[in-house]
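Presented as structure tokens, the chain that follows is alone, the form predicted on its own.
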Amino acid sequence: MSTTVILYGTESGNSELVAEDLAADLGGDRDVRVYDMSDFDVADFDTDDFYLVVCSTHGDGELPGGAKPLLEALNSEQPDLSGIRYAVFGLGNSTYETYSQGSEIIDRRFTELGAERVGVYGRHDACDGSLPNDGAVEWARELLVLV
């Protein structure tokens, strides 16, 4: 059985909470591992695994601090991510022009390095009053049926 690897990038902890809820919900049926993007080594990407990326947006559409080390490693090491399949759930606030841009930065880099995004791009809009965890769990359940 392949492993579902949840990578989260956060500034204030929201993406971490979403990642933990996803792991709790999915863990009964799957082997699930959760990593802060700042602790994940790009050499550990494995084509047998499926990756769920949960990433917030910080400031004026920048990556959250927790996601920057992974992006820096991807940029400097330029690993071949061919064969890597992943999905993205972005957090942000649509009142900002740069809504969900943090996750889009990671998504773009994964694709540039050869990874394949599958399924619907998940997003949570902080201005709608809903909890990101609920939307993310529903999104992941629907997505992982297809994977």
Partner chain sequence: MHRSEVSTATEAATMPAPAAHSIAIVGSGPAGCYVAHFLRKRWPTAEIVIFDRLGLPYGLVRYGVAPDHTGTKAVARQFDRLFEQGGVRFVGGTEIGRHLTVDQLREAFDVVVLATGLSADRPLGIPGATGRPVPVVTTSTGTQPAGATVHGAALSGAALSGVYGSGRLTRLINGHPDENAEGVVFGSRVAIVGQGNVAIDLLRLLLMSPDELRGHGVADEVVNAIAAGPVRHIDIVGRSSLSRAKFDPAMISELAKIPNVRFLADHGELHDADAEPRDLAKRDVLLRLLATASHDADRTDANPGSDRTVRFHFGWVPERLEGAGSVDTLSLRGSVGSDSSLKLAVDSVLTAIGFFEAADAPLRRQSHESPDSDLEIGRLGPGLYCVGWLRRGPQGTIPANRTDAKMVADVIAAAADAGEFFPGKPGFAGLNLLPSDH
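Numbering follows the first chain given and starts at 1. We call the rigid core the largest set of C-alpha positions that still match within 1.5 Å between the two forms. Keep in mind that what you see is a predicted model, and the values were worked out from it rather than measured.
Just so you know, the form predicted together with its partner chain exists too; it's not on screen, but the next bit is about it.
Taken together, Asn14, Leu17 and Glu20 are fully in contact with its partner chain in the model of the complex: each brings a heavy atom within 4.5 Å.
Annotated contact segment (heavy atom within 4.5 Å of its partner chain in the model of the complex): 90 to 98, selected among 104 to 112, 90 to 98, 47 to 55, 75 to 83. Using a 4.5 angstroms threshold between heavy atoms, Val118 stays clear of its partner chain in the model of the complex. By the criterion of a heavy atom within 4.5 Å, Val34 is counted among the residues contacting its partner chain in the model of the complex.
The closest heavy atom approach of Asp128 to its partner chain in the model of the complex falls within 4.5 Å. Using a 4.5 angstroms threshold between heavy atoms, Asp60 counts as touching its partner chain in the model of the complex. The rigid-core alignment places the CA of Ser130 2 Å or more apart between this form and the one not shown.
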